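Before any questions on how it binds or moves, here is one chain, the form predicted alone, in structure tokens.
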Amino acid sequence: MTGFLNSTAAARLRRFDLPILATLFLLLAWAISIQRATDFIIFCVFVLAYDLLYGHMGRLSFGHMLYLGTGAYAAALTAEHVSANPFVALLAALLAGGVVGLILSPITVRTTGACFALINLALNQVGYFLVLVALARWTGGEDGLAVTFSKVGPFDVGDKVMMFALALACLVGVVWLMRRLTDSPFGILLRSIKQNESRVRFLGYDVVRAKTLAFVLSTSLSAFAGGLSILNYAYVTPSFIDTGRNVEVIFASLIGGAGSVYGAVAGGVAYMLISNFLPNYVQRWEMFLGFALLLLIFKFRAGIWGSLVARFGPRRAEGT
């Protein structure tokens, strides 16, 4: 009876999870400033995109900054040469991520394990070279590219409050999409591929098509996060595609709880809090990340969200 009541309470709570999520970020903006809260939100979108591959399909990527950078440069170049409308630039980022994902998917989705991780790393390094050297005439090389966006009616991305509202609306939309996706039969298929790909193929499912769709969705949403970053900062540099920054999204996914929509958001916020505020008190703050990762591996393998659900919540399906 208690389990039924817990499940009923959880179902009722889930009806209001998106308003609760928005309220929590509003409180975060009040506590740390709107500008920083917007950065947190955009990073959470990136972690959600990454976790679709890593947490739900079991594919570790060391090169996801390539797709974030693709969206960033697509948005910037669109604003520079096509239209200064921020929504056009954001759409261009999303489409660019999807196109790159489709082009690279025949190479990437047929690999597993270390091969998948290292192929993405190699492709990321190629992309970094292109924006830094080969295409420097258009990308600005190491100096980057500054852009300006026009107003759309009363909406102005240069206004911090309006940009925060746009980013928060995008995060809520992505969380809703990911929740529906991971709870669907397609989400179950992805988790089945993670558990035993050979058995799923034996049952007659088109594994390559499912992995391709997941990969393209992940690259598209990663590029979307990159586009939001450009709207927020109005400039792009090769740091948006730097291979050394891949550890950020990997760590965020782990600390929040891989394979969980809300865990990805929790991990994104936790990592940003650590990286933004810990350096003020600890000079070698990266050591803290190393110790935290060891603690996660040996003590809290389900991450922040998974540990909270295991401790306080009813048993729920994976992906919540």
Partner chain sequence: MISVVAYGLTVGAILYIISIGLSLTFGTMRIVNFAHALIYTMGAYVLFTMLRVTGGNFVLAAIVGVAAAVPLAWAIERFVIRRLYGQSIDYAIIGTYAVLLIGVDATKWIWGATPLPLSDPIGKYVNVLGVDLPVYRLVVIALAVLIFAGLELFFRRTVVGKIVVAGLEDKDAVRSLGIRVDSYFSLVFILGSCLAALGGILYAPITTIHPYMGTHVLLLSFAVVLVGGLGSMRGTLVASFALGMVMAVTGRVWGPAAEAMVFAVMAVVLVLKPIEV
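Numbering follows the first chain given and starts at 1. These figures come from a predicted structure and were not determined experimentally.
Keep in mind that the form predicted in complex with the partner chain is missing from the display, and what follows is about it.
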* To do: Find out whether any non-hydrogen atom of G290 is located within 4.5 angstroms of the partner chain in the predicted bound form, and reply yes or no.
  => yes
* Hey, in the predicted bound form, does L26 get a heavy atom within 4.5 angstroms of the partner chain? -> no
* Counting only non-hydrogen atoms and a 4.5 angstroms cut-off, does F298 reach the partner chain in the predicted bound form? -> yes
* **4.5 Å heavy atom contact, I32 to the partner chain in the predicted bound form** => no
* Should the three residues R110, L118 and L254 be counted as contacting the partner chain in the predicted bound form, with contact defined as a heavy atom within 4.5 Å for each? -> yes
* Note which of V172, V88, V247, A165 lies within 4.5 Å of the partner chain in the predicted bound form, where distance is taken over heavy atoms; exactly one does. => V247
* Considering the partner chain in the predicted bound form, which of A134, V82, V152, V161 comes within 4.5 Å of it through any heavy atom? -> A134
* **Answer range among 66-74, 53-61, 263-271, 39-47 for contact with the partner chain, defined in the predicted bound form as heavy atoms within 4.5 Å** => 53-61
